[in-house]
Structures are given as C-alpha cells and as structure tokens.
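What follows is a single chain, given as structure tokens, in the form predicted alone.
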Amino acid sequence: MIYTVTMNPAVDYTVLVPQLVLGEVNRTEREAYFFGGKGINVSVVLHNLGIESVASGFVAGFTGQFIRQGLHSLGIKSDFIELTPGMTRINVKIKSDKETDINGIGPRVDQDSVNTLLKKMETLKDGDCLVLAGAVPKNLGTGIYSNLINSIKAGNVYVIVDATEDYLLNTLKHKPFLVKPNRAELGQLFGKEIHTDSDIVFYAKKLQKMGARNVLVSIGDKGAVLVTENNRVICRDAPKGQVKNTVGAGDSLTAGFIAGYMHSADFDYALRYGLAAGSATAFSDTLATKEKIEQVLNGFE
C-alpha cells in the first residue's frame, strides 16, 4: 500500500479579479475551490492512474471536512487525524493583472495528535511506500519527518521525502529510498546557487553521501535529473507543450515516478513516466488524468 502524509493541507480559494485595486471593494468574475497539499496531490494523481493509496495527515474544522469529503467523492481512502480547535488553512489565490497568493497558517498540532500519527507509522508493512511531502505546521519541529520514519518498524518500506531544508536533511540518516528537491531547494540545502546539470549531479551525490539512496531533482520545464543508488545519472528534458498550470506539477512528477517504478522497477522508465505525469498536469487546468499522461508519454522520446 502507498501512504501519503500531508501535515498541513489546504483549501485553495482561487478568484479571478480583472483588476485588483487595493483599498477598494473588488468583485470576482470567477471563483473555485480546490483541496490540496503535496501528499494529497500525489494521492489524487495515483488514483487517476488506477493506483490505490491512503491519504493521511492532519485536518481541522469545516475546511478539513471539505478535504475528507472531496477525497471520498473521488474514491480515495483517507485516514486523517482530526484536530481541535482550529481549521485547515485556506490559501487565497488572486488571478489578476498580477497574481497574488495569500497562504494561511493552519492549525496548531498538539502532541497527542503527533503521537497518534507516529503510531500509524508502526503499522506499515514490508513493501509499503510512504510519501512525506510538503510544509509542516509551525509549532512542529524540523525533526518531525525524521521521527515518523524512525517509528516505522518494518524493515523494507519505500520512503519518499519531498520537503525543504532541515525537514529533508534530518531524514537522511534513515536512508530514504528517494528524496525529491527541485533545483532551487537543492541549492538552499547547501547555501549555493545551482545553474547547471553538473552542479545538480554534484550536490545530489552529496545528498547520497549523507544517506539518500536516490535523488530526483526537478527543473521545471527543463525536465529532471535522477541520480540512482547504482551510480547512474539520468538527465531528461521535459516534454514540450503549452503550460496552463504549474500547481501540483512537481507532485504529479512524484506520483508518476512511483507508478512507473512500481510497474517496471526501472529507473529510466520511472523518470520518463514521472516527467510525463508532471508535464500532463502543467498542460492541464487540473491535476493530470491517466489519458493525458498517456498522451504525453506517447509523444515523449
């Protein structure tokens, strides 16, 4: 089974305001609500590919119920821990002459709820996959992802970490199967600006020396670089197409990589499938469907 953990999910409230004027009443022309978070996005794309997963993490209030109900309506299993008081955060996305994002903080996570999530990690079995992705509530320390991995009792769980700075670095001692920073995040880990593929490979190998088994670095519309545990370096350009939406593209890459590796146990195919999934989301208005992924994959050399 694949388990995704989203520690601080969100409801994105997207509004179209033709011309935003500060200090005045602005009226929207169009609005939409989306539930999300990096782990949740992975679960949705996996579901679109016909692969079962369980989405977990923390939710609270009526916005948390919106997320639960949304996943249920799609047929995706969830096992969230309900927090009281508070509410799952709302991120306001203003589409105007300039795009503006206002991201909420999210609820405080109490220690009892953390302990409940740690206990859930003990139930994972050999061969399961655990995806730890995204931001963490402010009151939790940078060791939270490391603590979750440390609670796993099974000896062969495929752990994938998509997090920033110390949240990722603190997991490396547990030798996660895959870490997935983007190029900017990789640079932040080492306090460097990274411009070339050779720079990416150099610092990806440093992450391997620190414990990561495989390192997948996304480069937006430029593609991705994968440095594998069997000393291979695989660089692939992204498929070409009209970009409509970049939200969730990196998470779709993660989901596609998981799907591709589960199908083939081949890193080349997993990277190719991951890039097809990430690009399919970028070329769509929503997270990628299986049909769109296959369409992109078929035209992807």
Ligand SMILES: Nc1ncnc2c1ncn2[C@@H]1O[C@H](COP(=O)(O)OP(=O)(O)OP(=O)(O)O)[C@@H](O)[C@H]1O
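All values reported here derive from a predicted model rather than from experimental measurement. Numbering starts at 1 and follows the sequence shown.
Keep in mind that the form predicted in complex with the ligand is missing from the display, and what follows is about it.
Among heavy atoms of residue 11, none comes within 4.5 Å of the ligand in the model of the complex.
Residue contact with the ligand in the model of the complex: residue 221 places a heavy atom within 4.5 Å of it. Proximity of residue 264 to the ligand in the model of the complex falls outside the 4.5 Å heavy atom cutoff. Looking at residue 46, you'd find every heavy atom of it more than 4.5 angstroms from the ligand in the model of the complex. A heavy atom within 4.5 Å of the ligand in the model of the complex is found for exactly one of 250, 37, 57, 256: 250.
Here the chain stands alone, but in the model of the complex its contact with the ligand, taken as any heavy atom within 4.5 Å, falls in 179 to 187 among 143 to 151, 192 to 200, 123 to 131, 179 to 187.
Contacts between stretch 251 to 282 and the ligand, counted in the model of the complex as any heavy atom lying within 4.5 Å, involve 251, 253, 275, 278, 279, 282, listed in sequence order.
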